[in-house]
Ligand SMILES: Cc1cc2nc3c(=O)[nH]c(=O)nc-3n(C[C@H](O)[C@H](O)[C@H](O)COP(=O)(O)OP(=O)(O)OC[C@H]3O[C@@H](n4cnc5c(N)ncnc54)[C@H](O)[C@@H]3O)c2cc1C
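Presented below, as structure tokens, is a lone chain in the form predicted on its own.
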């Protein structure tokens, strides 16, 4: 039997990180539930044993059930019957298998029938499920909507909706509309309070909604009459049992075809308010989107892993000119570079997840008791890192999903372009990752202020303060040189931006600056892993540092040659094109 956890030492290694002890202590509140619930761990070792066992189960279900169904689901897809979604038969089997394995509500508290596992475990499970079928990961991974309700909903709402996650109920994040894609402040779905019925009623249309006919939906709607901006929007929860929402159609997509992307019509659909009015977009959706971006990072990494294994398998089996093509430098270089980028991407994803986990746990604890001054300082520190690293990991991992899938199809040659091989589906599935939950361009917009405010540089300096073995001293020197280039680039861009009073020079070079910071950070985090397990990570580190150096040099050269007049030139070209 295959197992996507046991066959991947890199995933297993992430549970050994030193911060896991702190994360478990926070998540378990000092193991306060050990006498209340039979499944609650008694100590750190007991908790880690539970994580390992459940992740092994997740790896088995992903490899033995979800992966074999992936091609059939891609071919069959969901359909609309009587205004509602009917999943492909393989999707239904996947959901039943996941539920039977007890993999619902991984991060939810035990009082809601959850496992109360850390976010790290949820991201791991997402990665493995996405490696099996990225389209199905969209359905299963949306249980992070339940975590948003757990964070902001009333106890009444939580008791009503959260236990169903463990029973296999699916969720939907119902945000976008025909005229409101990335600009969610333009959402116009109307919510009005019906005094006679004692409920909010939703009316309007939503579009591009993943799993739009899910059992429970978090809906962004306009509760304040006469408003047209974010301040008029609230978050509400809708229960499919009301049957007041019709699926107008399922989009015919390029990839992730097993995941129904729906256009929905709300007609007096009853809903319940989550949290406070007017905070829907400003607070709740922002939290939900950040969680979703971690999920897309995990999905992207699963696609990278799936593509790499397909490329490696084909390269070993396919013979040309009397030998397997894996023996040709042009092929094994692509495989080696892919493996190194996957290792660096995984290091970045789980580093981000740990930052998010710690700050989120302190936030939950702050609702239970007053935090100490030290705890408040730690919460602020990790919150800043989470805000900085979340868009960065989404940017890099989604771009890597596309480029690695592209390279692995190239290894297949013409065969990869045919539907006879899974790589064709993987390439199609990967394409959406750098578009939804915020395009790569929007991730740069979210990240650039952390370049200019020094968040990334401060964390790079924190890594520099850590001890590395003497064998990695050459890597440290290369990292120091890349950091010097980064500082030089930022200084020049900020100087010209200030001189011309914000004429767009920083925005023009934002992606180069963010990606430079990312390449340095990924190299550092990978170096820290190589320091612990040199036999597993030194080769990937040596390869990735060459990739990082080349990318940093390219960005530095572009900025060095750039001047403010270039912006005026581009604006002129755009004006002439109108």
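Residue numbers count along the first chain shown, from 1. Not measured: the values here are computed from a predicted model.
One more form of this protein, predicted in complex with this ligand, exists but is not displayed; see below.
Comparing 484-492, 252-260, 114-122, 456-464 against this ligand in the predicted complex, the single stretch with non-hydrogen atoms within 4.5 angstroms of it is 252-260. Residue 437 is the only one of 213, 437, 424, 147 with a heavy atom lying within 4.5 Å of this ligand in the predicted complex. Checked against this ligand in the predicted complex, the candidates 152, 508, 208, 406 yield a single residue with a heavy atom inside 4.5 Å, and that residue is 208. Annotated contacts: 174, 182 and 432 all touch this ligand in the predicted complex [non-hydrogen atom within 4.5 angstroms]. Residue contact with this ligand in the predicted complex: residue 242 places no heavy atom within 4.5 Å of it. A residue is said to contact a partner when one of its heavy atoms sits within 4.5 Å of a partner heavy atom; residue 449 fails this definition for this ligand in the predicted complex, lying far away.
In the predicted complex, no heavy atom of residue 265 sits within 4.5 Å of this ligand.
Within this chain, residue 445 lines the site of this ligand in the predicted complex, having a heavy atom no more than 4.5 Å away.
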